[in-house]
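Alright, two takes on the same chain below, each alone as structure tokens: structure 1 and structure 2.
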Structure 1
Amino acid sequence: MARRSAESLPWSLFGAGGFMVAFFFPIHILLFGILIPLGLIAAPTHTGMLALVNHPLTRLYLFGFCALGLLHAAHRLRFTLSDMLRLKHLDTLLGVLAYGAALVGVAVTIDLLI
């Protein structure tokens, strides 16, 4: 019987994070970086934005956006350093550092959203 790899979880998080960042980050840039500063759409009031951020679905979205984005970046950084810079001999250390930093970022995200 063939031995199964433990790589499926990091690769699935990489794919999910890539989707979240590629699909939703441009929307954030468009809204908060272009349309609102140019006055093309009205800026949300502080009260309205606070009410939006306090909604449980918004917090869940922000958690998924941040956490999956961080895990995507960690996976990409690990394999970029390991493969492209020929640091294959440090693959385990790179994985621990990259995913460890991502998990710290996820913990900070949870702390900020609670």
Structure 2
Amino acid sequence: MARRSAESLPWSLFGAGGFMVAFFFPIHILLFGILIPLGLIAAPTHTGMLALVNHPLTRLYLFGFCALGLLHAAHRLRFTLSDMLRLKHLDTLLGVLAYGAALVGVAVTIDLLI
């Protein structure tokens, strides 16, 4: 009998990241990517943003935002590429590349926030 797969680990991170993206990404993009750059909303001051980012709870939130977002994206990109481009035979390589890039991103996030 073959063993149960360890696929549970990346899949659960993908799932957690899916909720993070669904709940929190739209408002971030809407504010910082569209409304503020278009000048429809006044940009928050640097002093205010710095105070916000320096709060430990904000840092925890931003870590979750970036790390879960990256792990979610990595897992989904791995399957999207293998489905869309018929690359099932390269699954291991795609996994190494996708999760590897995500882990590098997580390391950068930790470096930035600690």
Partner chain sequence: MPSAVPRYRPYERRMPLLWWLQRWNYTWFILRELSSAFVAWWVVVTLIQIASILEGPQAYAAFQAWMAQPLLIIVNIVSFIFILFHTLSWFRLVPQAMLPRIGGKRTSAVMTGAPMYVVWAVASVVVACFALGVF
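Definition used throughout: the rigid core is the maximal C-alpha set that superposes within 1.5 Å between two forms. Just so we're clear, the structure is a prediction, and the values are computed from it rather than from any experiment. Numbering runs along the sequence of structure 1, starting at 1.
Peer 1: Which depiction, structure 1 or structure 2, is to be taken as the form predicted on its own?
Peer 2: Of the two forms shown, it is structure 1 that corresponds to the form predicted on its own, while structure 2 does not.
Peer 1: So with the rigid core superposed, the C-alpha of Pro44 shifts by how many Å between structure 1 and structure 2?
Peer 2: That residue's C-alpha sits 3.4 Å away in the other form.
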